[in-house]
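Shown next as structure tokens: one chain only, the form predicted alone.
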């Protein structure tokens, strides 16, 4: 059985500082939900409140309709996977996985059955008699995962579980975790600072900054339509080009001008006039031979990266932007010093107010 997890006006203070500031959202039953943000943003603090490791200063957390603010951690039926694995070095793999069941006084025959099932799920059944010191980091993390799911938790919490693994193993483990979570249907709250990991593994993502949730949405929307410039900059790579907006009449139609050279007409979400930040990702920019009345720039660095070439382009205002040209488009390596036209697609860009706090498009 899994629960939805509801956060209502949740606050956690350390002195005068609000590490979590008025969190209001719901993690749906069976959902893989990720808390994403830089170090110190409050994501682990929020996770620890769900686990019962941190007290809740204001607001409520519910499992379905049951308020769990004052429910002791050991009575919440939560599975927890930590960054440092937290497996017992003096116990075998089997005994590590069985530990939580023994603490719950589950009958021995049931323990054997459930431990074997859990080890099979993480593909570690052949290592049941090994000691943790005989396992690799990835294998130890699988044991930590098996120990968390063997108790049949109502909610699974994972705190930076892959950060200690090398890049290739992280990709392998996140695939295992995602498939396992889908098979079991456990409501999962996952904490990470790794944007690629969050995009790859999540049903929905909450991006946090200084204790405040900035945006909650599916990975595609988080990436393509960030709610503010912080998210656009934190998730992947974005170029920010300054521009100006002028209303055209009384409606939502406006004129956008970039670098005093490129002008288009666009419809905004609201009426606005003044300076703006235009955000566009490297793969959303096209490079062409220099043309009049277009944004132009000079190639100052070209890096071949297999399926695409990454360019650093210095614009006429001396700003440097990143552009990716993909090999499947027949791109040939441009030489450093070449001048190019930088072609922007109005349907792929994002526009924010001058301070980057609000999306206008």
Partner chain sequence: MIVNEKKKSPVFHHMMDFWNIITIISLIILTITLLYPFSSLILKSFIDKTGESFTVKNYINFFKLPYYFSTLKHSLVVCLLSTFFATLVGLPMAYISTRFNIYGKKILNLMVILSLMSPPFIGAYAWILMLGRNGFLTRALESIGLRVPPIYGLKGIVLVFTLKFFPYIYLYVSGALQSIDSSLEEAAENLGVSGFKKIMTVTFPLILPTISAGALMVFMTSLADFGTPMLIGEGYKVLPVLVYEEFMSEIGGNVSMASTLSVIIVLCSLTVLFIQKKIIAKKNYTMSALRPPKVKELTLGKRILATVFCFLVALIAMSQQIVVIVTSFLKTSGPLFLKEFSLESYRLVRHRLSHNISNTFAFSTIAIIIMIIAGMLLSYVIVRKRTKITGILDMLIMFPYVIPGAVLGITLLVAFNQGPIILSGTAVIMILSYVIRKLPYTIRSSTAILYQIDPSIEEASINLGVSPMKTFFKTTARLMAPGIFSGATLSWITTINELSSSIILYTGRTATISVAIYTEVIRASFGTAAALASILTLTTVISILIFNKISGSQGVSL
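Worth saying up front: this structure is predicted, and the values here are computed from it rather than measured. Residue numbers count along the first chain shown, from 1.
Although it is not shown, the form predicted in complex with the partner chain is what the next lines describe.
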Sort through 296-304, 32-40, 56-64, 310-318 and report the only stretch with a non-hydrogen atom within 4.5 Å of the partner chain in the predicted complex.
56-64
None of 109, 270, 74, 182 but one has a heavy atom within 4.5 Å of the partner chain in the predicted complex; the exception is 74
The partner chain in the predicted complex has a heavy atom of only one listed residue within 4.5 Å, and of 94, 230, 240, 82 that residue is 82
Can residue 103 be called a contact residue for the partner chain in the predicted complex at 4.5 Å between heavy atoms?
yes
Is residue 213 close enough to touch the partner chain in the predicted complex, meaning at least one heavy atom pair within 4.5 Å?
no
Though only this chain appears here, would residue 246 touch the partner chain in the predicted complex if you measure heavy atom gaps against 4.5 Å?
no
Might residue 87 be said to contact the partner chain in the predicted complex, defining contact as any heavy atom within 4.5 Å?
yes
Contact check in the predicted complex: 195, 207 and 236 versus the partner chain, with a cutoff of 4.5 Å between any heavy atoms. Do all three pass?
no
Going through 125-148, which residues have a heavy atom within 4.5 Å of the partner chain in the predicted complex? Please give them in sequence order.
147
